[in-house]
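Before any questions on how it binds or moves, here is one chain, the form predicted on its own, in structure tokens.
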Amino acid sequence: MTIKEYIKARKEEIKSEVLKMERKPSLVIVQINEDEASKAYVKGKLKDAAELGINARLVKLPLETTEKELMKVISKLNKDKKVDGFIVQMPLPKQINEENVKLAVAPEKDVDGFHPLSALNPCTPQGIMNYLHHEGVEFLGKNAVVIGRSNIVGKPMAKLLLKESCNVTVLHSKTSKEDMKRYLKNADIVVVAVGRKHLITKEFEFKPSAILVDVGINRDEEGLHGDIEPGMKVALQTPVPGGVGLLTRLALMENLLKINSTK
């Protein structure tokens, strides 16, 4: 099943769940940037929410908003009983510390799953795992390689794969090409999240049964590109666009429902 087919089927299930609820789940998105990728994600998230019957609204703050002013908005949302969950869209302006913001969001309202005490996983790794499980991917004892070590994707992705009893190797942008080739040649599952157009090309050798998950979104005058060159001869390669971004958005809605169900 393609990602788009999987998303469509899963959305129908979520829509049915929401219809049965006495009170519709409520989501707030706080945005303080003019980043094109962020704008596209926010638009997509609001569209998803409307489609699923979820109440969602955008709080757009000026670029010059200070960290103190943002903290007041976060504090208000933490206390608002009508708001089930909220996210602060990244990236943030340089005058605001991202780590402070992640810690300020109440764990019980942290739909992004960024807070250390949050019961939820970050949306991108969780969305990827949900899809791979749906596709019947075997994890036990498989060699998994994660390229990227961010707190949002790389590290939590490695943690989830370890939880599934994979043999996990974490590489990154500073890993030499020779070492990358060596690890990827024996990999069963590969997740690339570096943010570098076609970091992985056809000169890399993979098992025909390998699964390649491309988290990268790189924008240039030709359009959007992943971290992996398209058309690899493997069992599964997620597309860019129309791949992991959609899984991330879906996982956000699923996290919101999990928050709602605990109330």
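Nothing here was measured: the structure is a model prediction, and the numbers come from that model. Position 1 is the first residue in the sequence shown; the rest follow in order.
Keep in mind the form predicted in complex with a small molecule is missing from the figure; the text below concerns it.
Here the chain stands by itself, but in the predicted complex one stretch of 89-97, 132-140, 149-157, 182-190, 149-157, has heavy atoms within 4.5 Å of the small molecule. Using a 4.5 angstroms threshold between heavy atoms, residue 172 counts as touching the small molecule in the predicted complex. Residue 28 falls outside the set of residues with a heavy atom inside 4.5 Å of the small molecule in the predicted complex.
Put simply, residue 244 is close to the small molecule in the predicted complex: some heavy atom of it is within 4.5 Å. Proximity of residue 207 to the small molecule in the predicted complex falls outside the 4.5 Å heavy atom cutoff. Note on the partner interface in the predicted complex: the residue among 70, 211, 49, 194 having a heavy atom within 4.5 angstroms of the small molecule is 194. Scanning 32, 56, 217, 42 against the small molecule in the predicted complex with a 4.5 Å heavy atom cut-off leaves one residue, 217.
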